[in-house]
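One chain comes next, on its own, written as C-alpha cells: the form predicted on its own.
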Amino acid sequence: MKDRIIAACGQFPPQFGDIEGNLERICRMTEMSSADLIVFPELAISGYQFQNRDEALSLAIEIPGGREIDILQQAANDTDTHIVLGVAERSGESLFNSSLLIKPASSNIDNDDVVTIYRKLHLFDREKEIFDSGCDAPKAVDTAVGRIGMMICFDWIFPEVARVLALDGAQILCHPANLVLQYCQRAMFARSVENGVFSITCNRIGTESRLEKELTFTGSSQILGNRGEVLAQAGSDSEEIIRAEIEPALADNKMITDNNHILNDRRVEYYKMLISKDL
C-alpha cells in the first residue's frame, strides 16, 4: 500500500439519460485529476430524477456484463486510478442505487474482484418508489491506496454506517452523493472525527426538474482528514476537480488522548437499543 496518495473528487452535473456523455466526462475528469483515487457523484452515469422504476431500469447497468463497466475499467487502467462512483444497478428483477469501486489492473495483485459493489441501505424520499434497498452490510475493501469503505448520499445521516465501516478497518470513506439538504457536508465532520477516518464526499451540482418537484443540488464536495480537518472543498455550483494528499495509515491511530481509544472505549453493553426494532 502507498504511504501517501492523491485523493480527488470529480464534481459535475450529470445530464439525465446521457449515458455516453456522462461516461465521457467521468473518464476525462479521471485523466485530468492525476489522482490515485477519485470519487464521483451518486447516479453519476444516469442522472437522478427518474419518473418511475421502469425508466430507471432502462438506464441501469448490469454488473458484470455492462459495456459501461468496460469503459470505466479501461479509464482506471489507463490512468492507474481507483474510481468510485454511483450507478443505477440492475440485477435480475432487482434495481439498486449502488456505488462501485473499480481498481486499476496494476493494483489487483491478489486476483480478487476488480469491481466492488455497495448497494445503498438508506433510500431517500422518492428513491423508495424506484429502488430496492441494499441487504448487505457495508464492508471495507483492501486496495493499493488504502482500505476503502463506501457509503451513498443519505447514508450520512445514519452514523451506524460509518461506524460499521470503521470497525471493519476502513481508512477512507468514499461517499458519492446527490445532496439537496444543507446538513451533510457539516455532518461528515462528525463521521470523520468519531471514527478517526478520512472521508471523501463527492456531490453533484446543477438542477433537475423532470417532475413537479425541482431539485437543486448543493455541490461543496469535500475531502476531510481523519481528525475532521477540511483538506479540500469545491464550490457550491462549479464543475471542478478537488485534490488532497492524504496518508491513509493515519486512520489506524484511534487514540484521542493517551488514555482514550475511539473504538475500544465504546460501552457496547449499553447500546442494545441500537439494534432494537422500530420505535
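Each residue number is its position in the shown sequence, starting from 1. Treat the numbers as computed from the prediction; the structure is a model and nothing was measured.
Only in words, not in the display: the form predicted in complex with another copy of the chain, which the text now covers.
Not one of Arg28, Glu31 and Lys103 is positioned with any heavy atom within 4.5 Å of another copy of the chain in the predicted bound form. Taking Val141, Ile205, Leu95, Val193 one by one, only a single residue has any non-hydrogen atom within 4.5 Å of another copy of the chain in the predicted bound form, and it is Val193. Taking the partner from elsewhere, Ile256 is found to have a heavy atom lying within 4.5 Å of another copy of the chain in the predicted bound form. With a 4.5 Å cutoff on heavy atoms, Lys272 counts as touching another copy of the chain in the predicted bound form. By the criterion of a heavy atom within 4.5 Å, Leu263 is counted among the residues contacting another copy of the chain in the predicted bound form. Interface residue remark: Leu123 is counted as part of the site for another copy of the chain in the predicted bound form, having a heavy atom within 4.5 Å. Only one listed stretch (67-75, 172-180, 129-137, 83-91) carries heavy atoms within 4.5 Å of another copy of the chain in the predicted bound form, and that stretch is 129-137. Of the residues in 132-166, those that come within 4.5 Å of another copy of the chain in the predicted bound form through at least one heavy atom are, in sequence order, Ser133, Gly134, Cys135, Asp136, Ala137, Pro138, Phe154, Trp156, Ile157, Phe158, Pro159, Glu160, Arg163, Val164.
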